[in-house]
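In structure tokens, one chain follows: the form predicted on its own.
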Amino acid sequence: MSETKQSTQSRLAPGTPLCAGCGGLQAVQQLYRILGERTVVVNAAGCMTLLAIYPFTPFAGSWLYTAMACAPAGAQGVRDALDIQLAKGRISAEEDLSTVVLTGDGAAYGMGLSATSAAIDRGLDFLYLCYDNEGYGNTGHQYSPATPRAAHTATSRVAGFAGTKKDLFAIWAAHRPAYVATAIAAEPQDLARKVKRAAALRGPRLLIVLAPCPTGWGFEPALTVKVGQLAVETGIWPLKEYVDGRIVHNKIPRERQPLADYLRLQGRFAHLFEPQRDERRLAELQQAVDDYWREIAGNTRPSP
């Protein structure tokens, strides 16, 4: 198949040069199947940058590469240009394009957060997809503001990351945007519904998708879906939405699996189990999850 024919397909082309079992790519594929080619994807430096080999990308729509910290600023320029074309009658409403920011957690939680906050304050009409693999995956998986406590990374090799994962959902919700949601590709129906809901709205919208990373997390690619399912079943990755000023949990695990079942599958937490099981730290991590669900118990309801 020629490059020209490949570029007109409204799906990601096969053979994209990313790690086997990439949870982020699963989410991007789902989003693109729904949004299609009438999009401008503004991609900050990160793992998904590897999808493009200049001057080609696997996206049938438009694609813009930016530095890690400034994807929302790039999205502002794209949206402004489209609005000017609409106002001057150079394109019709049917020819308008959706503006999508695509970044990893390094940009979303850290380097690009200031630019993102400003874009939300301006009411920029954009959909932000963060594939959260909980580290700077494209440069050796150093810890990021999204790294969970106790995880081994390239820059937290001894006892694991000493900090705690930043709550990006709460930070966005504090701005009172149009929409915020968490999702994971291992729950495809939930993810698809949230992409469709976000696409139907206007204003700043965020999808934070947990992206299990075989390379950075240390598990076999065949376990990507299993790891994702356990993230939800143990309660460490709550599926929830912020819309109309209200937070709704979409799936409340009534009988949560032990957090250790999730951690044990990942090499980045191997030090908690070998050479001997670290009961104190495991209990600390489990307690944090229990406290979260205890806090929201009785104060939320699942969406219809």
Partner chain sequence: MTRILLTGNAAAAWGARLAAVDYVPAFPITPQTEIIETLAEWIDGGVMDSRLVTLESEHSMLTAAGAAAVTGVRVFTATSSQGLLYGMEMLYNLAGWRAPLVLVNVSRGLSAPITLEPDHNDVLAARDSGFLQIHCATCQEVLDNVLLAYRLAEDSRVRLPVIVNLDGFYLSFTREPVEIPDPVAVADFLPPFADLGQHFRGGQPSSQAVAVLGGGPYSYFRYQVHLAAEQAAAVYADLGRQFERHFGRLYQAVEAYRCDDAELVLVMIGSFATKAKVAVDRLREAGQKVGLVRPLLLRPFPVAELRRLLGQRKGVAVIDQNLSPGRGGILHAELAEALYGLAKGGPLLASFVGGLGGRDIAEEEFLQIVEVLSQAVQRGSAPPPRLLFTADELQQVRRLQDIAHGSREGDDAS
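Worth saying up front: this structure is predicted, and the values here are computed from it rather than measured. Numbering follows the first chain given and starts at 1.
There is also a form predicted in complex with the partner chain; it is not shown, and the following applies to it.
Novice: I need the one stretch from 224-232, 92-100, 211-219, 159-167 whose residues put non-hydrogen atoms within 4.5 angstroms of the partner chain in the model of the complex.
Specialist: Heavy-atom contact with the partner occurs in 92-100.
Novice: Can you check whether residue 149 is within 4.5 Å of the partner chain in the model of the complex, heavy atom basis?
Specialist: Residue 149 lies outside the contact set for the partner chain.
Novice: So, residue 139 and the partner chain: in the model of the complex, are they within 4.5 Å at any heavy atom pair?
Specialist: Outside the cut-off, so no.
Novice: For residue 76, is any heavy atom within 4.5 Å of the partner chain in the model of the complex, or not?
Specialist: Answer yes; at least one heavy atom of residue 76 falls within 4.5 Å of the partner chain in the model of the complex.
Novice: Mark residue 84 yes when one of its heavy atoms lies within 4.5 Å of a heavy atom of the partner chain in the model of the complex, and no otherwise.
Specialist: Within the cut-off, so yes.
Novice: Among 35, 70, 260, 272, which has any heavy atom within 4.5 Å of the partner chain in the model of the complex?
Specialist: The residue from 35, 70, 260, 272 that makes the contact is 70.
Novice: Going through 229-253 from first to last, which residues have a non-hydrogen atom within 4.5 Å of the partner chain in the model of the complex?
Specialist: Contacting residues: none.
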